[in-house]
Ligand SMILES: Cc1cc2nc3c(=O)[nH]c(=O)nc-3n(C[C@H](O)[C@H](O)[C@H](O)COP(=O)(O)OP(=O)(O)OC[C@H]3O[C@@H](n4cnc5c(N)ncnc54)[C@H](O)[C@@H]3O)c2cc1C
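In structure tokens, one chain follows: the form predicted alone.
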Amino acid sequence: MKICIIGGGMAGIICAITAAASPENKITIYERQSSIGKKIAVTGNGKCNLSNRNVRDVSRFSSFDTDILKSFASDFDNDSCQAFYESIGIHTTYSRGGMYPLCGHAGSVVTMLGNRLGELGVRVVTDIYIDDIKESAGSYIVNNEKYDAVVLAFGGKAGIYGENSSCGIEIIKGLELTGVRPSPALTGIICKGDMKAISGVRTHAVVSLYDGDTHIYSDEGELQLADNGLSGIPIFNLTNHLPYNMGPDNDIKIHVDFAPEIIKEKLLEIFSESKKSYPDRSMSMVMLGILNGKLAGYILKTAGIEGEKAIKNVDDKVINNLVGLIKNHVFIYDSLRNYKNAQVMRGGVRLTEINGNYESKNYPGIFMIGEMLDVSGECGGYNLYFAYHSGRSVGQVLAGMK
């Protein structure tokens, strides 16, 4: 079988390696960049978070077609993923549930994957942009060559390519594939209002996503505050669960608990005890024992309390309001940071376009994998796992293993 894979990212590479198990398959990867695996080389802060022990937890992923995603996730298996990588010489280790290469270097992973393609005789053509596929008597013409099967493995706009990535839009339109509007994900959020006073603060917090009064998602971790918004892993994960195709009817807010280790009643008790034991202590000093100094000043100002005011002169109702702002501080969503700052692209071709083998329902012999599909995961190896899983699944079909 003559196979064409358009896209030399993780999904395309894994697909090629797997499909090459059949010696009858002749495989070509077309990659628009000067080399394959460029985005792999920068994943996981250069350490390449390949997978996660919890990949079967479908709540870690997002898709417009949740029920179809659940059916795919029933086959997600981190152990077989680990076995595959180790079978080609990429040995792994775990950190906080994430699976990483033992070498600790994403660039080395790319080198080893490229080496394996060479060992298997996979042809890799770089610096070529494919924007058209033509049907021809049960086959497909790509770059003036006839192929029995075509695998679409375009990368998204996120990361090092940013807005310059086309995401295969010409081919998607040419095949009339139904998609979900793409947006950046695993990125920072720009909020309304002036946040310069707390720019640079890092603090442990629980963040919760709301659309009006409807709670959507919560996560806990290190929150990073900027002069115009919020960042850090819990915020990145939150962006993967924003409502699809948001518009003016959405009322998106981020609720932040700046003291998740202490329940509200205990925090009120702390202020009450401070008022009894240190009545002349300033509110700034009291707050300094609870929060980062810059953050404490910001919240005091929001509550309308002068920092130098003695706690004995602060009414209990005002303190109750202050505690409310600490435990449930609301930031108003404005927009997402751009694709260049994002780790993945959310949205893409809908799962309704493919069958359980990732094959197009309307074009037999055309498969879709990886980030071009409307499946995106949280931080922690989930996206590289889906690239592996979809690529491996299609590769097995093409090798006659499924």
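When you see a residue number, it is the position in the sequence shown, counting from 1. Note that this is a predicted model, so its numbers are computed, not measured.
Below, we refer to the form predicted together with this ligand, which is not included among the displayed structures.
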| property | result |
| --- | --- |
| Partner-facing stretch of 346-354, 64-72, 25-33, 360-368, counted where any non-hydrogen atom is within 4.5 angstroms of this ligand in the model of the complex | 25-33 |
| Proximity of Y94 to this ligand in the model of the complex, heavy atoms at 4.5 Å | no |
| In the model of the complex, I6 touching this ligand (heavy atom, 4.5 Å) | yes |
| This ligand contact in the model of the complex: A342, any heavy atom under 4.5 Å | yes |
| 4.5 Å heavy atom contact, V151 and this ligand in the model of the complex | no |
